[in-house]
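Take a look at this one chain, the form predicted on its own, written out in structure tokens.
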Amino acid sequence: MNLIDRYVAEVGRRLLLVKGRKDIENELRSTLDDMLEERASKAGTPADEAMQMELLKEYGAPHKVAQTYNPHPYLIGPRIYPFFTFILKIVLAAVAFGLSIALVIQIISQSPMSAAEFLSTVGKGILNIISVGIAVFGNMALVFALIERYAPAADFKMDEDKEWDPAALKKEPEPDEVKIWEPILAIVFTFIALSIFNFNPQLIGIYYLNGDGWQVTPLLSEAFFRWLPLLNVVWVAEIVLNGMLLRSGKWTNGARLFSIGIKLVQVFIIVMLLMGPSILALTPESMASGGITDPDAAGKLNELAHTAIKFALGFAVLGTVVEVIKSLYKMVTQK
């Protein structure tokens, strides 16, 4: 094996996951052979090892040559990395804040507690925050890795890439323009919802400590999870929609129609949840096991929780219908 063959093999080794690696190797070998033949012809001497070494040194190190054939040598590229860190901070802060409030409520509801129980509760609460944070980080890394592959950073609407013109100050804001962080944030939270409801439903519950250790009372009933397959379809459609918005940078009539279709399915699901059995699995008995020993108080809280969830579902239907009307209005007025 001569130096060119070794060089091509070294470049190919760095392109194991790149589609068409063999074609790239053949093309590179042909290019180098032609260049070597041209040099030998000009020099009037046969090509030797010294001439090969000179050619390969000028052509570049194998890892640099491999980078020219691999448009995505990194998981999250430098162009979208600032967005990744920005949104990661927001999501982690929101998760930590929410779980901290839940921990404080849990401590208050279980008071009085011994020092050992208090330390155990706080310690496990902190470990829970860390574990959920790690899961969030993994989900976000996956989301941004997919964005890096399928929504190239070159397609992002980056203001800093444009030559600044003072006349732009006179222009009115583009009503259909999409701020880049909006679809990214929507994709991240949708991935988190898919992960929790499908693979970690045990996280959705009321945690309490008794003599047998940590116990959890499920918060959602079977009536909710019966609709989870259709909810998954809606969430995947939301990811696709936000991916389209991320790539185009603006709302189009096609995107609005797609969004309206998603929202109509959401309305159907919410109405079915509202008309069917309660999606809450709470009962006076489960509340009593969680520390509310007064039967009357447990019954009233249970009734209040089930009433509140119905109001929440009703407001969700109203809000979604309003969003559909607004989208239709924008489509009509634009025409």
Partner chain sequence: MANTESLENVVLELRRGVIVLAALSQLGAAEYGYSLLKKLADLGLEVDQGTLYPLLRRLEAQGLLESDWKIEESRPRRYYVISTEGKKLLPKLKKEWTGIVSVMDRMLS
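Each form is matched to the other, and the largest set of C-alpha atoms that superpose within 1.5 Å is called the rigid core. Residue numbers count along the first chain shown, from 1. Nothing here was measured: the structure is a model prediction, and the numbers come from that model.
Another form, the form predicted together with the partner chain, is not on view; read the next lines as being about it.
Participant: Could you tell me which of 277-285, 303-311, 263-271, 34-42 sits within 4.5 Å of the partner chain in the predicted complex, going by non-hydrogen atoms?
Facilitator: That would be stretch 34-42.
Participant: Going by a heavy atom distance of 4.5 Å, is Ile24 a contact of the partner chain in the predicted complex?
Facilitator: Within the cut-off, so yes.
Participant: With the partner left out here, check for me: in the predicted complex, does some heavy atom of Lys19 sit within 4.5 Å of the partner chain?
Facilitator: Taking the distances in the predicted complex, the answer for Lys19 is yes, it comes within 4.5 Å of the partner chain.
Participant: Need the contact residues for 50-69: heavy atom within 4.5 Å of the partner chain in the predicted complex, sequence order, or none if there are none.
Facilitator: If the 4.5 Å heavy-atom criterion is applied to the partner chain in the predicted complex, 50-69 yields Tyr59, Thr68, Tyr69.
Participant: Take the rigid core as the frame of reference and indicate whether the C-alpha of Ser30 shifts by 2 Å or more between this form and the one not shown.
Facilitator: Comparing forms between this form and the one not shown, the Ser30 CA shifts at least 2 Å.
Participant: Is Val65 one of the residues whose C-alpha moves 2 Å or more between this form and the one not shown after the core fit?
Facilitator: Where the cores coincide, Val65 still shows a C-alpha shift between this form and the one not shown that is 2 Å or more.
Participant: After fitting the rigid core, is the C-alpha of Arg39 off by 2 Å or more between this form and the one not shown?
Facilitator: Arg39: C-alpha displaced by 2 Å or more between this form and the one not shown.
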